[in-house]
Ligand code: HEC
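Let's start with one chain on its own, the form predicted on its own, as structure tokens.
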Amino acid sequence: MIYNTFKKLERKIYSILVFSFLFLSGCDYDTNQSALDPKGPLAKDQFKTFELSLWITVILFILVGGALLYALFKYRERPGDENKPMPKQSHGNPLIEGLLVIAFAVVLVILAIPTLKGIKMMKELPEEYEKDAITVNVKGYQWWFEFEYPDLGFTTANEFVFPVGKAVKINLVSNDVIHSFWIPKLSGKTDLIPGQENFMWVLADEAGEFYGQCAEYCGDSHAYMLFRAIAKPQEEYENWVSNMLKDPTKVAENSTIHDSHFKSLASKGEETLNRVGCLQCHMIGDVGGIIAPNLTKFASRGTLAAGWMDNNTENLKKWIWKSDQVKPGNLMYRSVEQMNLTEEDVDAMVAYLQTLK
């Protein structure tokens, strides 16, 4: 009976090994949100700690698993062993057990030292990165992020830009429930808690667009609460700041619009947006409310719906008219339902928003 049980266990082990191989063969580390592809000093430090813990785990698995397999194969019951006496049993060796306790305590210390150093590094900006660091205040809403540049005097939403090679000091608060701010390639997660300000920082070693998201369940559309962290070379960053500091583009003053029909449609869109009360929640420049994403320079963003969709005409129209199909539970859909907008109204609003560069 023991022999048959062992054979079943042996088949299960082989099945698990085959399944694990097939499962791991589908892994891809070079993805938009891979923490295994660090692009900054903080993420690289955290990755080293992960690698250390991974190799320790692998070694322990090999030692413990190897000892188990050795015992299973060496002492398994074979045909003809039914009448042999049971091998002498023991209930542990005090010396071996004591050495194992000490060994595992040492392993914990080895893991604890870089872990604690990493936590301290994440919560306190190292002095070497303090020079030229910029500050961004982040506020989490259901379900989007607001980014305020207090030293520069402007606010944006769902995308924040910073210079390559310079640290960004991030102050985190929540407007409603607990959220979690996470940019896998730049840093670990930090919670946004109502009534409490938390701190973290990021720094990118290279230019690029880094995908982030909320990593704490916060309601219906938690999975759709994304954002972008965009690292630009210093000159491009300064040009971006210069553009953000300009007054919001007005249709009549927009020299990039040469299509008279589009200009007329956009003018109607501006009137419609003001008429239906969009600025009670949204803000453009210094005008409007603050409970919805700031639309200043909206057309310069690459995404909409909190990073969930590319910012193009088709997606923008769907987002305004049928936002419940994109992000369940969002507040804008209930407001749009009450506006009784026509398709022509939506087309006009889309045209106007596309002028806000």
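Just so you know, these numbers come straight off a predicted model, no measurement behind them. Residue indices: 1-based, along the sequence shown.
Absent from the display: the form predicted together with the named molecule. The rest refers to it.
> Name the stretch, out of 64-72, 36-44, 300-308, 49-57, where some heavy atom lies within 4.5 Å of the named molecule in the model of the complex.
Looking at the other structure, the answer is 300-308.
> Please determine whether Trp143 contacts the named molecule in the model of the complex, using a 4.5 Å cut-off between heavy atoms.
Looking in the model of the complex, residue contacts with the named molecule include Trp143, since a heavy atom lies within 4.5 Å.
> Taking 4.5 angstroms as the cut-off for heavy atoms, does Thr155 touch the named molecule in the model of the complex?
Thr155: no, not in contact with the named molecule in the model of the complex.
> Using the partner position in the model of the complex, report whether Lys185 sits within 4.5 Å of the named molecule, counting heavy atoms only.
No - in the model of the complex, heavy atoms of Lys185 and the named molecule never come within 4.5 Å of each other.
> Although the named molecule is absent from this view, report whether His282 comes within 4.5 Å of it in the model of the complex, heavy atoms only.
Taking the distances in the model of the complex, the answer for His282 is yes, it comes within 4.5 Å of the named molecule.
> Just to be sure I understand the contacts: of Met244, Ile113, Val276, Ala207, which is the one whose heavy atoms reach within 4.5 angstroms of the named molecule in the model of the complex?
Residue within 4.5 Å of the partner: Val276.
> Judged by heavy atoms and a 4.5 Å cut-off, are Pro150, Val161 and Leu203 together in contact with the named molecule in the model of the complex?
The answer is no: none of the three residues contacts the partner (heavy atom, 4.5 Å cut-off).
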